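Shown here is one chain on its own, the form predicted alone, set out as structure tokens.
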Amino acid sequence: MASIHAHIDGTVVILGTGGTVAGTAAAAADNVGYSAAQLGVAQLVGAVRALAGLPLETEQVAQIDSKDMTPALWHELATRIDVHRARPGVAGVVVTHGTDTLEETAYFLHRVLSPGKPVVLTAAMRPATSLQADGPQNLCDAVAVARWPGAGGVVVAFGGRVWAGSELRKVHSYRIDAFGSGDAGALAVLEEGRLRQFRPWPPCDGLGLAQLPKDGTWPWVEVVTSHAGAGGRGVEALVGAGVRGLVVATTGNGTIHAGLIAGLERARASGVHVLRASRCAFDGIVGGTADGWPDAGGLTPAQARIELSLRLLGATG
């Protein structure tokens, strides 16, 4: 293990997109009644004394609550990351983000960016005004990872852990240790200024942005849920309205209610693409089944929706 002060030379560019990390509330004890995306990324960085004197640049790409993330903004964010990673003097890029769609943005960036300098996303479960504000430490950790020798790929620094962007999932709605990656576990932990790494850095898939429309007009893909009493009427309505793809958030290890299957079969016969993803919180579909319905493996339903969209766009080859 090396000290946190061991780093590669170069600037870390911090791209802000808003989120709880940039949120404020009227009272320091209020951790739920806050407004997200109120502070600029330069304000966030300037308020963290531990970052003073480090070679940092900031850029505000967006200022939104991440529940409102869009494919068009993903495209813009990936474009800005590519621009900065191509600069010779840049060591890595940090992205401040909201937690609601963090697993989606991280997966998208993992799929489209090329291997190379690290892209480290970070966020917070408490607003900047909170007595329990976790954003400053998470931001420090993200910068440290971006400057770490040998770091690469799209990763997430959050709660003292480093997660692979392709494996991330939000597992709690309130606690500050709100993320996990199922059985895969963390890539590394940050302990008192020291990085302890368990697994190799994950390379990006490098699909690129050439086949993705800048305006975010992706094929229409929706998530439907299999549950007790599920039926096919919702699927039939979506097909009638022109949906191109359906991700089924399945029960257990990929199972689908009998009442939903008939509707999905008709949808598939009409040319709609169907992909299964487990709704279970800690893992995905293991081993597949012989029923002919393709599955998304360990992806969450939200990530599987991105994967199916990329396939329909022809971006996955």
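Nothing here was measured: the structure is a model prediction, and the numbers come from that model. When you see a residue number, it is the position in the sequence shown, counting from 1.
This next part talks about the form predicted together with a small molecule, which is not shown.
- Of the residues given (Ala124, Ala157, Val154, Ala146), Ala124 alone sits with a heavy atom within 4.5 Å of the small molecule in the predicted bound form.
- Taking a 4.5 Å heavy atom cutoff to the small molecule in the predicted bound form, the contact residue among Asp205, Asp82, Asp100, Glu76 is Asp100.
- Mapping the unseen interface onto this chain, Arg49 falls outside it, with no heavy atom inside 4.5 Å of the small molecule in the predicted bound form.
- Although the partner is absent here, Asp65 is a contact residue: one of its heavy atoms lies within 4.5 angstroms of the small molecule in the predicted bound form.
- Contact annotation for Thr300: none of its heavy atoms lies within 4.5 Å of the small molecule in the predicted bound form.
- Residues with any non-hydrogen atom within 4.5 angstroms of the small molecule in the predicted bound form fall in just one of 38-46, 279-287, 255-263, 66-74: 66-74.
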